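The chain below stands alone, shown as structure tokens; this is the form predicted alone.
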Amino acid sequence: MLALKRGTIADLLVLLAVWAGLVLLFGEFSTGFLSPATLGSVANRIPALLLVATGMTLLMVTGGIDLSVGSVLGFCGTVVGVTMVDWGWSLPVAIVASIAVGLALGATNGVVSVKLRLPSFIVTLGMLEIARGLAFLAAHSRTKYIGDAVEGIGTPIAGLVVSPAFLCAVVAVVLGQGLLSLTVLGRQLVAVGANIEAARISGIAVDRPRIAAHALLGALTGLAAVFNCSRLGSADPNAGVGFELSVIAAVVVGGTSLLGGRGSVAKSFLGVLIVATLEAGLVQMGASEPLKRVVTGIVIVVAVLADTWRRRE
């Protein structure tokens, strides 16, 4: 156990060093990148990514994956826009509605993939299309402008450079790591991902934690949609296109295995910081969107190769 703790601390230090190196690198080649305003801007852009990466970590620990999170984010954001703009609901009620819709879609992914014994990437690939279509249908293919009613969540707190959304996302990271490390459900998630047959023989009802991981990811994506709306001041049915790539990149960079059985929400948090800093630094240096996508893809491949190498040790 002591060796495991030392290994985890070593991994965290390596990830922290990589992030610090990126900050210093972009600070050297990009004017103003090291300013509090720029770093605060980076922090306030990642709450949605942090929330979904937390849920994705818990799911990937089981050996599953969800490719639909970008589309679910877009649909849940549309739910926020429609309920507030068209129906006149208050923000708290719209938040509950968004989380409930995300929870329902995530649970659907879990039930279909687990009970029908289908690969989760196939099921969630189908949900990717379904949720995106629902987003356009619900919004009639139009952006819903919400404005001040939601922007306060993503606005920096007076005297600080970070927003309530960022602080909430950090709390979710802490709770997610606690769930994974300190609860029965967390141990079941790891056991199922490490060896599902051994977990079944040991008496674990293996379907429940897998479905629970899908459902929790969906709920966190619903909340992330609110944070995304707060940052933009609007709900766009196109929101979240390609978002799943950033989420998976951050989680894999954080050391969570694509094959299941190993993962850490705390390390995924650092993975999010690395990916977000990399994207922000490239933008600051004038990189195009296609180049950013190329770099994100390379990061995923390198992280997977590193994971494969660690498994062979």
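In this text, all values refer to a predicted model and were calculated from it rather than measured experimentally. In this text, residue numbers run from 1 along the sequence as written. Throughout, rigid core stands for the largest set of C-alpha atoms superposing within 1.5 Å between the two forms.
Below: the form predicted together with another copy of the chain, not depicted.
- Although the partner is absent here, T308 sits close enough that one of its heavy atoms falls within 4.5 Å of another copy of the chain in the predicted bound form.
- The shortest heavy atom separation between L116 and another copy of the chain in the predicted bound form is within 4.5 Å.
- Residue contact with another copy of the chain in the predicted bound form: L22 places no heavy atom within 4.5 Å of it.
- Shown alone here, A266 lies farther than 4.5 Å from another copy of the chain in the predicted bound form, counting heavy atoms only.
- With the partner left out here, another copy of the chain still marks one of 93-101, 123-131, 213-221, 164-172 in the predicted bound form; by a 4.5 Å heavy atom cut-off that stretch is 123-131.
- Taking the partner from elsewhere, no residue among L59, A107 and V111 has a non-hydrogen atom within 4.5 angstroms of another copy of the chain in the predicted bound form.
- Scanning 233-256 for heavy atoms within 4.5 Å of another copy of the chain in the predicted bound form gives L245, I248, A249, V252 in sequence order.
- Superposition of the core reveals a Cα shift of less than 2 Å for L15 between the shown form and the other one.
- Core-aligned CA deviation for L258 between the shown form and the other one: less than 2 Å.
- With a change of no less than 3 Å, the CA-CA distance between G74 and R293 is larger in the predicted bound form than in the form shown.
- The distance between the CA atoms of I300 and V18 is at least 3 Å shorter in the predicted bound form than in the form shown here.
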